[in-house]
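In structure tokens, one chain follows: the form predicted alone.
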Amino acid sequence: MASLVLYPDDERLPRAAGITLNFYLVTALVLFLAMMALGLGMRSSQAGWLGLPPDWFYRFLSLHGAGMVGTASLVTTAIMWFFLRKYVQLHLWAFVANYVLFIIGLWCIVLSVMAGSYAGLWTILYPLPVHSQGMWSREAGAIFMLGYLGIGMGQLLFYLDAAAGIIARYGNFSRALGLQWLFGGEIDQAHPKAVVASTGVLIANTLGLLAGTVALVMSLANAVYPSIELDPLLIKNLIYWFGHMYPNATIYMGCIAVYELLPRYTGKPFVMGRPFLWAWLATVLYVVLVFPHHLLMDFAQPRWLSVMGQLASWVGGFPVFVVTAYGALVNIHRSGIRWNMPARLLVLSMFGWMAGIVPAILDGTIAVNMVMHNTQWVPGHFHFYMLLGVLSMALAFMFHLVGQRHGQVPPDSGGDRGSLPVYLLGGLVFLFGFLGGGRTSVPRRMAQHIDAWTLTDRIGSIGAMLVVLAMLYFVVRLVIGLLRPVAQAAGDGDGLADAAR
């Protein structure tokens, strides 16, 4: 069970581990701000306020898509590592290797886009990366894919280390997931929810990463030896298997922060019942089958795959989301929660996840998908649960750590309280610019918009400006806070009330 002590002793990090964690978090903050600035530029260009040439628009879109999701994975991997290390043995070298390979992969992507003019988007759909009609070179496409491969290899190394630690502690994944309590017996409330979530994530996302690795290796082989022809539909399925799992894993790793931190601010344990265990089992089984809902418009796709994707979208989309959100609401109810910055962000993350999943599941419905998929409805839904869901989880975690470095007092300055409404308001305006555009069939991925489409573009751009402004404050506030030396606690073993005074 998650500790009710705000800053327990087992979360104090050795110097090397603390430095590594700071590298993760500071890098993520800077990258989030940079990727948001690119997003603002693209929306302003669509609104007619900034004249980005189409080739640069698609270069920025390629960098923004790959960079934003990669950064979200980087920071939520740090969340998973920080809490999982309390329950199983993790090796710092694997955590460091993941970071180093991420940075190498990131620079490959930046080099490919900025120096090589790559503009084939994150999807790297065969044969586009190496057949660009002269827009970029074969080498640029290959370097972009090598960047993906480096990032994926780092994540796999981290997952393998986590898997080894979980198996060494619990014997197998089944016991780590708590499957022994599915049909009876008294559930051990001391069994960490962080272990359940981490086990589910690494099983599901490892399969997605392996699918992406196969697609990348085959595509790189084609880049080097063009005589090797690939099946475009097979490659597309593998890429979307990876492409669906990877961002979903960021949500599941991020919600570990909710399980671990929310009880400390409410003073109530986050109870683990059989629905929680069934939900995580359902997620592990179904989330790996959902990806065909991205391919419903491919006429060549086998019908059974489309049906599977449709069913899995409804069955697999709800369980973990429902038990986490409901559990959070129960935990908050009549708790006397202290509404400081981490607590506010944790609650906001539940709203972002809950609200964002609704248009996502709607789009995963065949009848809706046929109308809405190639519209701005799609970036609307995934920006919703990434911006207000995943990023809020990450910010809550970082604000919590800043409290540890400031004498174990949760942050709640006037600037904090003022920046959060700006972030929320800007986020909602930005998101409804996308969703409103989708409702009126404004197409996605177009660099230049006609006058009839620019109203929602301008609304979205105004929202994006507010988000970037709030994020600039968060970055400065958190970087300064994270780099401060850890203050000594006033007293060890104190509960929430004493630690938060």
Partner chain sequence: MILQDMIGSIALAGVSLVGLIFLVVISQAGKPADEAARTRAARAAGRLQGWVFAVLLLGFVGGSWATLRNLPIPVQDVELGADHVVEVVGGMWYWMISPDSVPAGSLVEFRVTSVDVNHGFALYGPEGRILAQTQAMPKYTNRLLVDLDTPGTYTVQCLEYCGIGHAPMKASFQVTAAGGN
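Numbering follows the first chain given and starts at 1. Given the structure is predicted, the values throughout are model-derived calculations rather than measurements.
A second form of this protein, the form predicted together with the partner chain, is not displayed here; the remarks below concern that form.
Chemist: Which residue, V368, A97, V214, I167, has a heavy atom that falls within 4.5 Å of the partner chain in the predicted bound form?
Modeler: The option sitting close enough to the partner is V368.
Chemist: Between K86, H406, H131, H91, only one gets a heavy atom within 4.5 angstroms of the partner chain in the predicted bound form; which residue is that?
Modeler: If I apply the 4.5 Å criterion carefully, the residue I get is H131.
Chemist: In the predicted bound form, which of 178-186, 298-306, 156-164, 201-209 comes within 4.5 Å of the partner chain (heavy atoms)?
Modeler: Answer to the contact question: 298-306.
Chemist: I have E11, R417 and L483 flagged as a candidate spot, so tell me whether each of them has a non-hydrogen atom within 4.5 Å of the partner chain in the predicted bound form.
Modeler: Answer is no for this spot.
Chemist: Hey, in the predicted bound form, is L285 touching the partner chain, heavy atoms inside 4.5 Å?
Modeler: No, L285 sits far enough from the partner chain in the predicted bound form that none of its heavy atoms falls within 4.5 Å.
Chemist: M114 versus the partner chain, in the predicted bound form: is there a non-hydrogen atom within 4.5 Å?
Modeler: Output for M114 is no: heavy atoms all beyond 4.5 Å of the partner chain.
Chemist: I104 near the partner chain in the predicted bound form, any heavy atom under 4.5 Å?
Modeler: Close contact is absent here: in the predicted bound form, I104 is far from the partner chain, nothing within 4.5 Å, heavy atoms only.
Chemist: Verify the contact flag for L125: yes if a non-hydrogen atom of it lies within 4.5 Å of a non-hydrogen atom of the partner chain in the predicted bound form, no if not.
Modeler: Yes, L125 is a contact residue.
Chemist: Of 325-346, which residues get within 4.5 Å of the partner chain in the predicted bound form if you count heavy atoms?
Modeler: Contacts from 325-346: Y326, L329, V330, I332, H333, R334, S335, G336, I337, W339.
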